[in-house]
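What follows is a single chain, given as structure tokens, in the form predicted alone.
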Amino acid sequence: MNTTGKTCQQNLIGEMGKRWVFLFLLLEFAYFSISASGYFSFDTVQMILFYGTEIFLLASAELFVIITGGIDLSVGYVLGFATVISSKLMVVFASLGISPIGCILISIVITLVIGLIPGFVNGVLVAKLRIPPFIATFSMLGITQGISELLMQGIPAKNLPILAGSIGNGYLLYIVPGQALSFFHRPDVPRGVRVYEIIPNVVVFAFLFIAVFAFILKRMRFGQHLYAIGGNIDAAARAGINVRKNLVAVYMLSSFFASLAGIIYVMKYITGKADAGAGFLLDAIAAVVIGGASMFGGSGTVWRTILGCFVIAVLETGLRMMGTPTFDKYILVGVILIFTVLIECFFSNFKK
């Protein structure tokens, strides 16, 4: 084979390496469509989006930190911390006679502000005190878990405003064929009349924030600075980038996403739990790696990370519909993670 032919072959294989996740996702969906009754449907796609919302947000949070060469192990328990704070606040404000919508909005704002504190502490520990991200965020995991447990005293929150559940389990669009079309509000119809529900509210809210920060990461100076810091932190500092300030900001952003995920959890399940996000950390990190981001920093995109999230969410939904025990998912996610690393190592030999 001449040099030109060999180069074309290497480029072709390299391009396949960049897109193998798409193929894997299609094969995964095809398998469950055959194996799980009723899987291949629009309702299943919406179920994947609904149950995967927290993973989408936590993976986005993790991506920003990983791009800088760090890691945030606290996001799962920051999510739980946010569920505790927001649910407790809703109950307190409701007892004061504040309207349901007022309870929800005030609680969300206060929770998001308080939720920045773990990220700020993580950022200061990593950027200014030079504590390794693993140690700093692992310590914050324990702190947020402990505070959440103290606040809850082992009893999940209850008596939240009914409106919270209506919003969290509602849809953007309701369609009654030939009769009505309604946004955000389910129309009253006689029993037996089919109402088509299109796009869960929580998915709309989550992807609005994800889209904004995807734009920031790709198009704005802050995003470019994060890639520079992850690529070579010393060179970034010499180029005039305020490394400490950006690292503090990125850990605060991670906590913001985790807190937002916690609020969405409360709206979906009408409760707050200290361990609500305990099982999401592996999924979030796996999604980032499957999406092609380097754990050494300097690379990764939001939308490829979302693709990695779909790999996890499709797997989880398929196993749930097949009646497979939950712990099997963790085994398979671990296997997929190892498989991803091996695939990336193989195809890296053919990249330019």
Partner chain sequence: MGYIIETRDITKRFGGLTAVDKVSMGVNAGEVVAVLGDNGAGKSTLIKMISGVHRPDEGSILLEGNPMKFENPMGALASGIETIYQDLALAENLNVSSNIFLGREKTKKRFGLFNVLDHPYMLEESKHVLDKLDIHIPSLKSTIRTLSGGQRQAVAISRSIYWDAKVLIMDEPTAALGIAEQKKVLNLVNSLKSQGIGIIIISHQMYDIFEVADRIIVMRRGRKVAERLVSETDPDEIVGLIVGAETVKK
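Every value quoted in this text rests on a predicted model; they were computed, and no experiment measured them. Residue numbers count along the first chain shown, from 1.
Note that the form predicted in complex with its partner chain isn't included here; everything after this is about it.
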- Sort through Arg219, Lys158, Lys245, Arg186 and report the residue having a heavy atom within 4.5 Å of its partner chain in the predicted complex. Arg219
- Task: Using heavy atoms only and a 4.5 Å cut-off, determine which of Ser182, Gln224, Gln179, Ser95 is in contact with its partner chain in the predicted complex.
- Result: Gln224
- Query: Does its partner chain get within 4.5 angstroms of any non-hydrogen atom of Ala228 in the predicted complex?
  - Reply: yes
- Task: Consider Leu208 of the chain shown here, and say whether it contacts its partner chain in the predicted complex, taking contact as heavy atoms within 4.5 Å.
- Result: no
- Query: Would Phe215 show up as a contact with its partner chain in the predicted complex if we use heavy atoms at 4.5 Å?
  - Reply: yes
- Message: Is Gly298 part of the interface with its partner chain in the predicted complex - any heavy atom within 4.5 Å?
- Response: yes
- Report the stretch among 252 to 260, 191 to 199, 236 to 244, 160 to 168 that approaches its partner chain in the predicted complex to within 4.5 Å, counting heavy atoms only. 236 to 244
